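A single chain, nothing else alongside it, follows as structure tokens in the form predicted alone.
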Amino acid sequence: MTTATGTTTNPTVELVDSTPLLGDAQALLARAFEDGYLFFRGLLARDRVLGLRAQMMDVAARHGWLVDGTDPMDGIADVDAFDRVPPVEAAFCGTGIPLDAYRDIYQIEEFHAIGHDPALTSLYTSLFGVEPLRQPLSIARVMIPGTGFVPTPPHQDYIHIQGTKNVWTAWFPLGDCPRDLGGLAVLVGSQKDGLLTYHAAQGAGELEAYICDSGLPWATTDYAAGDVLTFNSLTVHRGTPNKLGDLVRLSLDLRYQRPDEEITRGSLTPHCNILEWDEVYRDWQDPSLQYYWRDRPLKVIEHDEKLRWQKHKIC
């Protein structure tokens, strides 16, 4: 048994681009079953992704975490300024920023609307065979480099979100994200090992999986704005170190499932209950995506906090 992060027993390979398979549901399902992930170059319009980046970088600038006089779109962090944020506040809910700044981001309409982009909903319709339910809970990661920064440890999303094991996460950076900026890596085929056992760890989520010494490869790439990585809730994945020193990495975690499978009550609420939905929607211009899930006969269950500390598969 090992908690290796992939630097010794697990090689690193390039993510396989599944863009040529779009429109072929059977081919997508076969690759998803085998690898536990799918990766697409340019699935989202670059301009749309960069538009959201601009709004979120403006939040970071208003809070004083970007170097004065620089273009916020460049994301050049004022590391000394962010180091003055108390570490507990900076680590709020694994988002990378304090609560008040995260609330500012959560009220951005496009932060929620981008998850309904037709390119995404069409993809998950192919995977599920029905129109998907986009889980209302969305997550932003605003990774501002500082002396206390710790990458997200290897984990499976299921341990945090529960509900059906057939949830798929869409992860994508808001801007170009070369390897050295600290993009996401997935452990190829790890979903076949089922639910793993966990221990407490530093980094977003604060849990690390015991990874079998199987030699499965970690897969990552140099991401560009518009690229999307999606993976099953049992697929092990992790953050990688930001080696560039002074650049902010922005990314989103959005989740999708079949509407007739179980979903936890927490997945229908704003992340970490930072606001009520009425507060999130207060300044929206388009009400069409507000409360879009409420008229669907969902199978809502409660989150089992004990699950994360139970023994599951151990090598």
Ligand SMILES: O=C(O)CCC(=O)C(=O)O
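What you see is a predicted model, and the numbers here were worked out from it, not measured in a lab. One rule holds for the numbers: they count along the sequence shown, beginning at 1.
Keep in mind that the form predicted in complex with the named molecule is not shown, yet the notes after this line are about it.
Asker: Name the stretch: of 62-70, 252-260, 285-293, 36-44, exactly one has residues whose heavy atoms fall within 4.5 Å of the named molecule in the predicted complex.
Answerer: One stretch meets the cut-off, namely 252-260.
Asker: Just one of 112, 141, 103, 165 has a heavy atom within 4.5 angstroms of the named molecule in the predicted complex, so which one?
Answerer: Spelling it out, the residue with a heavy atom inside the cut-off is 141.
Asker: Just to confirm, with a 4.5 Å cut-off on non-hydrogen atoms, which of 191, 220, 242, 169 contacts the named molecule in the predicted complex?
Answerer: Looking at the other structure, the residue within range turns out to be 169.
Asker: When the contact criterion is heavy atoms within 4.5 Å, does residue 184 count as touching the named molecule in the predicted complex?
Answerer: Judged by the heavy-atom cut-off of 4.5 Å, residue 184 is in contact with the named molecule in the predicted complex.
Asker: Is there a non-hydrogen atom of residue 155 within 4.5 angstroms of a non-hydrogen atom of the named molecule in the predicted complex?
Answerer: Yes.
Asker: Residue 237: heavy atom within 4.5 Å of the named molecule in the predicted complex?
Answerer: Output for residue 237 is yes: heavy atoms within 4.5 Å of the named molecule.
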